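Two forms of the same protein chain are encoded below as structure tokens; each is given separately, as structure 1 and structure 2.
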Structure 1
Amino acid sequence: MIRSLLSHDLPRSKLLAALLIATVLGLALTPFIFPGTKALNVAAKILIFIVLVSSYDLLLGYTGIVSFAHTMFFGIGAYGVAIACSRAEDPGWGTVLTGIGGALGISLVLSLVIGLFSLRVKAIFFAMITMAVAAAFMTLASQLSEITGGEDGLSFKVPEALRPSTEYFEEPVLGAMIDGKFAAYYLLFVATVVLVLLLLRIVNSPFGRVLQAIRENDFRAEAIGYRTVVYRTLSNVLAALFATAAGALLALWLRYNGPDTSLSLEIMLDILLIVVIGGMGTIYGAVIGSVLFVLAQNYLQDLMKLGAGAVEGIPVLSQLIAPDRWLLWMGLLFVLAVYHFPFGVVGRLRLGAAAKARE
């Protein structure tokens, strides 16, 4: 049962399996174990990033394509829900589905066009083109203020079942308030589980094997008879659709969307950092990486604030561990990871387990 749910792609390392189980349990029980809005927001962000990053892993890790337009599709998903819901007087599920459907359609067409136009060229070329396209899209989103709310973004209502004001029980159950926020969290959780299992299914299918073959040696894959452009484009389209879904989840959770929330280059950098640190080409890497990264982002900065307070007065050091310099350390970690840790956390654990099994 579990074997087929995971598409026969088992963790292959006891420690990794334990980490994954802990992650799933932790995320499933967050509203009960960690009360408070901050913990719930962090957990929701982890869930959204798991979907977003694992979809990027399909592109970068499995197919070897570097795209900087992934946040564009993330943003399309978020704007799809945001625009549909902000237009409706009393948005229901139909409104949300319309928004998601429209967003998926736009992402499909856009990713297909980008893929067919530019995936014939070298990796470096594609990376540059997507970067330019993403920048243009961000400008577009902030300029079309009648539709997107411009720089201010859009605040909107969600279907009644997900509104924080909706209370299902008067009293807290097991320490958690069963309200609309609670329902929204579990919607996110279920959607994330389904989408990640679907991605696992895709990468472990024959189609996924072709993608890996293209990543390893596209010339040989072409020679065997696979139309690599078609496969690359399909990979691009699939990744875009999953990113759109992640964006829709983000909008449903935040009940707000703006250019900085879903389109900024910083999110793109976060995605890259998480994929590399978690381990490229594993999908599980996206899960572990997202947990580590989002937790670090939210709690390490608090720690750094304490540290900076402790060394206050020492000129350079206090500057270096000021919480604003958090990204500096992530950048260093990123560079070191690419050099010395090319398989990421998950790859490392698997290699360790494989070495032990051989002994």
Structure 2
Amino acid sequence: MIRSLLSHDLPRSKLLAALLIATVLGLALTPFIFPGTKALNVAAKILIFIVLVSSYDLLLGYTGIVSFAHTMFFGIGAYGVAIACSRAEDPGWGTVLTGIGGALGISLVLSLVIGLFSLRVKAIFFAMITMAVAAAFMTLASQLSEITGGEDGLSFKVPEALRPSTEYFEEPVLGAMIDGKFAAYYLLFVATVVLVLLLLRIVNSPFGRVLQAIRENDFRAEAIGYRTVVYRTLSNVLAALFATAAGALLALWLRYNGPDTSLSLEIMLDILLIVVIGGMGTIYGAVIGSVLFVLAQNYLQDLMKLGAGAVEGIPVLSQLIAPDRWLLWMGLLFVLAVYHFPFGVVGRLRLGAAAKARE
């Protein structure tokens, strides 16, 4: 059954399988093991990034398309929920579904147009076109303040079942408060599992194999009869729809959305870093990469604060690991990760397991 759920795309490495099981269990039990607000927010961000990065990997890792407009579709999903819920006095599930449906429709049309008109050009020009479109969309979102809230963004209510004020039990259960925030977290968890399994199904289908053939050699794929523009456009559309779903999950979790929250270039850079760290062309790479990156992003500074306290008084060392320099160490860790894992963590683990099997 597990083999069917994973679309016969098994981890192919015992260590990778152990890491994935630990990740799923850790994320599933976070509200009980780490009931604090920060831990729950970090876990929710990991879940959202798993969907977002997996969808981008469908483009970059499986089809070989470099796009800088992925955060635009992420933002459309977040704004879809935000605009729909902010217009309703007491938003319910119908309002949320309307917002998500509208966002998916807009993403479908935009990604189709971008794909049909841009994917015929060379890769570098497509990347530049998507960057220009994303920048224009962010400017538009900032200026249409009557609709999007402008730079201030939109704060809104979510359905009552997901509001932090909604308490399902008066007393904590196994150390966790069963309230609306708890329900929202598990909504994100279930949605992430379903979407990742769906992506695994897509990349391991005959359609996914054609995408990989186009990535390896698009001229040869076209020569044997595949209309590469159609397949690349479909890949662009699917990736956009999954990114839109990730944006909707972000909005439901934060109950706020603004340009910097879902449309910034910084998010696009994070996606690229996670894809490279985890391993391109592997949905599992998005899972492992998201966990490593988001944990480092949120806890490296705290770790350095502890280290700086331990070496206080040592002139050079205390300056080197000062908490203010956490971005420097983050960059260094990224360089080391790329150097030691040129195929990403997942690629390295799979290659190691394959080499061991041949011995």
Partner chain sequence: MNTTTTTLPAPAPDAIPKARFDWKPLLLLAAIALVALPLVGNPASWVTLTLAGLAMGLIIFIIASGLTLVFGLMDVLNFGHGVFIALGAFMATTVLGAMGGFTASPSLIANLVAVAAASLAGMAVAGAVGLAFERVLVRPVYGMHLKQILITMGGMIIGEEMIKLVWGPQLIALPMPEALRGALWFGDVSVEKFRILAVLAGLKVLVLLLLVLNKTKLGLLIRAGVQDREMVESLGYRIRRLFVAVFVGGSALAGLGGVMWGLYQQGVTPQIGAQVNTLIFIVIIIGGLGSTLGCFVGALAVGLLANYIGFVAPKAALFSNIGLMVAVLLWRPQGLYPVGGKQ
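For numbering, take structure 1's sequence and count from 1. So that the term is clear: the rigid core is the largest set of C-alpha atoms that superpose within 1.5 Å between two forms. Predicted model, so just to flag it, every value in this text is computed and none were measured.
Annotation: structure 1 represents the form predicted in complex with its partner chain, while structure 2 represents the other form. Val335: CA moves 2 Å or more between structure 1 and structure 2 after rigid-core fitting. Residue displacement note: Ala44 has its CA displaced by under 2 Å between structure 1 and structure 2 (rigid core superposed). Comparison between structure 1 and structure 2 places the CA of Pro323 4.8 angstrom away from its other position, after core fitting.
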